[in-house]
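The chain below stands alone and is given in C-alpha cells; this is the form predicted on its own.
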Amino acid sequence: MGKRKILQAVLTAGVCVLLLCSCSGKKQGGAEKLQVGVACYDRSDTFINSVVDSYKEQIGSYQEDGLPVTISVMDAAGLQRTQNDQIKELLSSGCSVLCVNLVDRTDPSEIIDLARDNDVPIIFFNREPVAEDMLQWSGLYYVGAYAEQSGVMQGELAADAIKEHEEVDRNGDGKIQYVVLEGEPGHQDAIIRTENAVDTLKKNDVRLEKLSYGIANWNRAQAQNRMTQMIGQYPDQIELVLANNDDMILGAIDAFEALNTAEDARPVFFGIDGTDVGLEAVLDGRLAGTVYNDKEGQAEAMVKLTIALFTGEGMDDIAFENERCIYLPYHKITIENAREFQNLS
C-alpha cells in the first residue's frame, strides 16, 4: 500500500505542475478538465463493475487535489453496435481519454477509427484486442491480466484440494468426474482458462473424467440454469465444478442449494476473479477456492495511464509489456487468506 501512496503523490505533483501549462483538455472555470469516457461490455458483470467502481474512486482523489474530473460510464448490454454508438457519443461530448471494455474483442476497428480521428487515446481493459488490432494506432493501450495464469492457478487449487481431501472422489473410482461452466462461446479468455485449469490438474496426476460443460456467458443466473440441467443429466455423479468466473461458480452453487442437496453430496467448486461475493463464499465454505483478479491494481494502472495520457507526464514511469500493455498478476485464494484480499476492496 505504501507503494501506491508514493505513486499517487508523484502523479499528483505532475498534475499540479501541468495545470499551470496549457494542454488539450477543456477549460472549466479556468482549470483544465479531464473528461473520461468508460464503455463497458455489460454492467451486469460483477467483476467489471468492481473495476469501474475502483477506477472512479481512485481517480476521484485527483479531483480533490485540484484537477476537475468527470467520468461518464456507458453500458453496451452485450451489443457491439450499441458500444460503437456510445463511443461516438462520448467523443462528441469532449472526452479526453476513453477506457473501453470491448463487447467483441475481435471487432474494435470502428472504435479505434473513431478515437484516432478525434485524437483521443483508448485504454482497453479486461478484454484484450488481438495483437494486430493493437498495432492499428499508437494511441491504444491495454490493462488486464494473463488468462493462462488464472487457469493454471485454478487447476493448482483444485489439485491441492483433491489430494488433501480424498472424500472429493465420492464414488472411490480413482477418477474425478467434473463439469465446466464457461464464458462466451469462442471467447479467448474462457478457452484459455478452461484448458489451463484442466491441463494443470492432469499435470498434477489427477485422473479426470469430463461429464459435460455449459456455456453461461459469465452470468450467475444462466450458470444456475446450466448447472441444474447437468445435475439432472448426471445425478449424484458430479464431483468437481470449474467455472471461468465467480459469478458462474456461484450460480452452480445456487443450483445445488435450490435442490436442497446435502453438503456431503455436493461437488467441490472453484471460481476465478475473487469478487466480493466470491470471497464471501470462500469464507463461508461454500466455495473451495478462487483466483484473485486484481481489480484494485488494474484500476490503479488505468488511473496512472489516464493521468499520464492527459498531462503528457509520467509515461516513462509505467512498466509496459509489449510496449503498450500492462498486466497484473493473479493470486490463489483459499479460506486461509481470503480475508486478506477481502480487506483490499
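Note that residue numbering follows the sequence shown and begins at 1. Everything quoted here is computed from the prediction, not taken from an experiment.
As for the form predicted in complex with a small molecule, it is not shown, yet the points below apply to it.
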Could you tell me if Gln83 has a non-hydrogen atom within 4.5 Å of the small molecule in the predicted bound form?
-> no
Evaluate Trp218 for contact with the small molecule in the predicted bound form, applying a 4.5 angstroms cut-off between non-hydrogen atoms, and reply yes or no.
-> yes
Closest heavy atom of Arg170 to the small molecule in the predicted bound form, within 4.5 Å or not?
-> no
Evaluate Ser96 for contact with the small molecule in the predicted bound form, applying a 4.5 angstroms cut-off between non-hydrogen atoms, and reply yes or no.
-> no
Which of 226 to 234, 126 to 134, 70 to 78, 85 to 93 sits within 4.5 Å of the small molecule in the predicted bound form, heavy atom basis = 126 to 134
Just one of Val38, Val282, Ile307, Ile48 has a heavy atom within 4.5 Å of the small molecule in the predicted bound form. Which one?
-> Ile48
